[in-house]
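As structure tokens, one chain now follows by itself in the form predicted alone.
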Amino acid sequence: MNFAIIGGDMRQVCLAELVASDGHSVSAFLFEEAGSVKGAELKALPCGDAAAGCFGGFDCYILPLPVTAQGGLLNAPLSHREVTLEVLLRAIPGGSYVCGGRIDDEYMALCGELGLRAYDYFKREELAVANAAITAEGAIQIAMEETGIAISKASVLVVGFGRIGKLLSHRLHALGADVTVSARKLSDMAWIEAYGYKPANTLALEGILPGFDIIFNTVPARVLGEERLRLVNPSCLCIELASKPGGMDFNAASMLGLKSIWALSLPGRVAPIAAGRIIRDTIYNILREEGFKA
């Protein structure tokens, strides 16, 4: 197959190299600062003022995760060139397969208007679970680097019992940490206790907050506001793992002198090769479901 991989961070560089190593033809765009992309041909993007539909010749166009940066620009941190996602999409011929991560409703609707066969690979469960596993490992790495304490001796709180919360709790427990996990659903709290963790109610954390060395938040809603953060041990490390808007009041944490870290996009930062492999496998699954032999 003939792939165009356009923009993104080191995850997409690794993705391009992996796809090329599988024997596919890969053209990489907006990776000037990457230096080289093994097995792929670095090319200039034929966009800007180019005519609609001018960017043809590929079986699949792979866009980054997330697709956009601020102002509707394509997310391309390894390039100085600025291209809006709308301009790029209009340059791709109708009927083409386009795969991107975290495509918002506005651009998904535009893909429909342009006749593009668009897929958001970030919404695939196989990618979400694999990314959560990497995020959990990266969060533990940050905790060890920033506290200097052994996880096996740490008292930790994991707020939320979604994919990341489950996998993070499992790994912390395996390392010997004293793990408390909070949730709102009674069914989740039953599973938390069954796994051997200490259950807590996310809506009633006030009484236990002073007792932790590390707090990990995985809930993308304000669960650690100023009033709760005032109860946290001053030496506690607070790590935010939820996507924006997050669940922690960082202004309040700073004012209170708490060490807090917002660890966004951990898979791309701590394990870009593994993250690239996950994206590749997910896109291959999508294409196979569409009848391609990826």
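Being a predicted model, the structure only gives us computed values, none of them experimental. The term rigid core refers to the maximal set of C-alpha atoms that superpose within 1.5 Å between the two forms. We number the residues from 1 along the sequence you see.
Omitted from view is the form predicted in complex with a further copy of the same chain, to which the following refers.
Quick one: in the predicted bound form, does every one of 149, 175 and 285 get a heavy atom within 4.5 Å of a further copy of the same chain? Yes, each of 149, 175 and 285 comes within 4.5 Å of a further copy of the same chain in the predicted bound form.
4.5 Å heavy atom contact, residue 274 and a further copy of the same chain in the predicted bound form: Contact check for residue 274: yes, within 4.5 Å of a further copy of the same chain in the predicted bound form.
How about residue 195: is it within 4.5 Å of a further copy of the same chain in the predicted bound form, going by heavy atoms? So residue 195 counts as contacting a further copy of the same chain.
Mark residue 141 yes when one of its heavy atoms lies within 4.5 Å of a heavy atom of a further copy of the same chain in the predicted bound form, and no otherwise. Answer yes; at least one heavy atom of residue 141 falls within 4.5 Å of a further copy of the same chain in the predicted bound form.
Residue-level contact is defined here as any heavy atom of the residue lying within 4.5 Å of a further copy of the same chain in the predicted bound form; does residue 270 satisfy this criterion? Flag for residue 270 set to yes.
Between the options 167, 223, 103, 118, which residue brings a heavy atom to within 4.5 Å of a further copy of the same chain in the predicted bound form? After the contact test, the surviving option is 167.
Just to confirm, with a 4.5 Å cut-off on non-hydrogen atoms, which of 113, 82, 126, 206 contacts a further copy of the same chain in the predicted bound form? By the 4.5 Å heavy-atom cutoff, the listed residue in contact is 126.
Which one of these stretches, 68-76, 103-111, 186-194, 90-98, sits within 4.5 Å of a further copy of the same chain in the predicted bound form when only heavy atoms are counted? Looking at the partner contacts, the answer comes out as 186-194.
Fitting the rigid core first, would the Cα of residue 234 be found 2 Å or more away between the shown form and the other one? Yes, shifts by 2 Å or more.
Determine whether the C-alpha of residue 77 shifts by 2 Å or more between the shown form and the other one once the rigid core is superposed. Comparing forms between the shown form and the other one, the residue 77 CA shifts below 2 Å.
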